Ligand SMILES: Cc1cc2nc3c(=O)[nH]c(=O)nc-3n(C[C@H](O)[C@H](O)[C@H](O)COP(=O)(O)OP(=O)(O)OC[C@H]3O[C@@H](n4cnc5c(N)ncnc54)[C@H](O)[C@@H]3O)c2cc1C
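Shown next as structure tokens: one chain only, the form predicted on its own.
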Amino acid sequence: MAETLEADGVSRDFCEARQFSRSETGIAVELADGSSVNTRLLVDCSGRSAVTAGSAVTLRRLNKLVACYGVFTLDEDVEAIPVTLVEAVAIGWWYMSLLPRGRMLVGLFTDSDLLPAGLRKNAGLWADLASQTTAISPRLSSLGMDLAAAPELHFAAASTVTTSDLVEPFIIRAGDAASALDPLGANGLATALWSGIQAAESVVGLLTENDGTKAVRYQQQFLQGIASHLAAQTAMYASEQRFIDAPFWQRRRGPWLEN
């Protein structure tokens, strides 16, 4: 991709964007190195932070989901099957997946207010929770993994955040900056790729043809997709019947679309 951009004469700036401002003709982005970029259109791919979503844009956070995870390097003689394992538990669900270069990601997804006290500083407590699982624990043992020896526990927001404003004057949002979805749906990457393509085509339409039709259609299709995702998300969580009295699962019995 980088080689294609270079061959087409597209310049790239590798610098942190500090802030932006609007004018009657476009957007000015101030960079960390003191320079600035002036553009007629800006595609926001800043992820869940959605840096262009100011006070005029309504972001709806539908839950408090967070990920507590660690990344482990497997021993060289360990041959791990490249599969993803998900297991539901009372306080949420565990996720385990092989990463490139012989690494394994193990994570617990739950709501921020349901995290056990002291978990952020106690990898042993996190490992103890994993040991109580039915599927995750045996797989950890088969790979010789000791979660209590985690070099560091990471925490990341994983909540579902939606907005109805993907397209504004001079701004088009894509990926998680448009709407961040529950990772359990396993379609975040596909959504990011699709929305990136649609946002690019919207830019082409606006810049070369002064036609906002593609941008309007992109927003409509994205919002329709979010509605379908939320319906499927509710059905997916409702299919788990073992923990119906647990707060985590009660909160996800929907319907999301009426919140």
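Being a predicted model, the structure only gives us computed values, none of them experimental. When you see a residue number, it is the position in the sequence shown, counting from 1.
Note that the form predicted together with this ligand isn't included here; everything after this is about it.
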Q.
Just to confirm, with a 4.5 Å cut-off on non-hydrogen atoms, which of A28, L41, L62, C45 contacts this ligand in the model of the complex?
A. C45
Q. Can you pick the one in V71, A135, L189, A149 that has a heavy atom within 4.5 Å of this ligand in the model of the complex?
A. L189
(Q) At 4.5 Å by heavy atoms, is each residue in A17, Y95 and F109 next to this ligand in the model of the complex? (A) yes
Q. Of 122 to 130, 175 to 183, 136 to 144, 162 to 170, which is the one stretch near this ligand in the model of the complex, taking non-hydrogen atoms within 4.5 angstroms as near?
A. 175 to 183
Q | in the model of the complex, Q224 touching this ligand (heavy atom, 4.5 Å) | A | no
Q. Using 4.5 Å between non-hydrogen atoms, is V203 touching this ligand in the model of the complex?
A. no
Q) Would A80 sit within 4.5 Å of this ligand in the model of the complex, counting heavy atoms only? A) no
Q | Heavy atom of A156 within 4.5 Å of this ligand in the model of the complex | A | yes
